[in-house]
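Have a look below at one chain only, the form predicted alone, in structure tokens format.
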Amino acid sequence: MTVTTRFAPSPTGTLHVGNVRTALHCWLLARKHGGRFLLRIDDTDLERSREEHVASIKADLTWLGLNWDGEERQSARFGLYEAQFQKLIAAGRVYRCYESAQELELKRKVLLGRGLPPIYDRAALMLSEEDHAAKAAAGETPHWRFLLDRDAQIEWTDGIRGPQHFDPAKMSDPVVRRGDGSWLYLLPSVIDDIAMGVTDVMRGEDHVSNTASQLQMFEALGAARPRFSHEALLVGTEGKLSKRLGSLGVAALRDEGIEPEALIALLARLGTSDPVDPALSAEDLAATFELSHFGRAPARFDEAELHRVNAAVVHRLPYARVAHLLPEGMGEAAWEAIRPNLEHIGEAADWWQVVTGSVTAPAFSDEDKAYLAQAESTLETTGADWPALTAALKETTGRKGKALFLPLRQALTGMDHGPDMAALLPLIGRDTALERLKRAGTH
């Protein structure tokens, strides 16, 4: 059976790092086994779903390189849900209820006060057809619950959490349809997973109890259950899910100069004991992806680490990958020279300004001014050849180390540090270098 995973975002907002991690892991699992990665837009909430969010989700996945092999939208599948729902009605596996939220909360408090599990008491099952007719005549519309089989223990082997056991006698029958006819998440998701041939579901550990209910829904619909894996949720460096982390969107990361390769490299390994390796491509990461490597401890997301990984990624990016992002006139040689000093590609413009623009050198001592005047004279002979220039100056002045190199760098770039001067000086060029040395030696 072809391994088939799905990512099912709700278009009520944009993607954040937690969503991206789930999507990435589903993609990696499918690619590892030569399978299919499907995108399902869970837009059953017609009031809150927005087309601009659908477009944003697709754009973010495309930017990350997480190409999908098929797409469905829940809003186009209401007919399928209705047909399967009618089968469950006929089988007696869904039933009508009328309690308000306030009534349910009161029942919950009473049960808790008695030291009992706060689960729904199934009072609606006691209603007769006459009772239902009377409520309909009074204008009351029912919501619907799925009837759990409380005689059958719910068990599965989770791909990350291992053996799981739930006692349905301690669970409430989940509401699957509201009084206005709209759908809650649980049942449509099961129906879609069956229809789409999903074999593996990866999602956050906050869905574990949902999975317990959904496994009985698969059985009630006569379908084989997928394999389920629930991964630990992301937390911030302070040990909990911060507001910043919860809202850290892909667009914000792009604006900060984060490259997709860096986000992929970090999130692919977050929650495992495997080292984050910025040298690995998405295909390499897929080949080494193992559910067994994930632990149950919360996965810590550190923005500072992301920026460190981003710098390591930028240092490896070939010119062809970044050419369209670089300042006009900046060629491959310049990129090769400058990229070791970058954390983000956008910083290349600042270094290109050092090459092509004006620089402000610090004030030099009279001794250094004399040295720079000699450097100007020497450069006229050596040209923009850093090894030849410094070798000649070392021979004639006796300077070495910092005294030899730092005044030259400062005069030529206005900086105390930066790219390798052997690569940078030819980019600056002989004439510009002479002009800068002359200015530094006389001011």
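Start at 1 with the first residue shown and count on from there. All figures in this text were calculated on a predicted structure; none of them were measured in a lab.
Beyond the structure shown, there is the form predicted in complex with glutamic acid, which is absent from this document and is the topic of what follows.
Heavy atoms within 4.5 Å of glutamic acid in the model of the complex belong, among the stretches 294-302, 120-128, 78-86, 181-189, to residues of 181-189.
The three marked residues, K58, T62 and R254, fail to reach glutamic acid in the model of the complex, with no heavy atom of any inside 4.5 Å. The closest heavy atom approach of E376 to glutamic acid in the model of the complex falls outside 4.5 Å. A residue is said to contact a partner when one of its heavy atoms sits within 4.5 Å of a partner heavy atom; R321 fails this definition for glutamic acid in the model of the complex, lying far away. Though the partner is left out of this view, R203 does reach within 4.5 Å of glutamic acid in the model of the complex, counting heavy atoms only.
Using a 4.5 angstroms threshold between heavy atoms, H207 counts as touching glutamic acid in the model of the complex. Residues R6, A8, P9, S10 of 1-27 are found to place at least one heavy atom within 4.5 Å of glutamic acid in the model of the complex.
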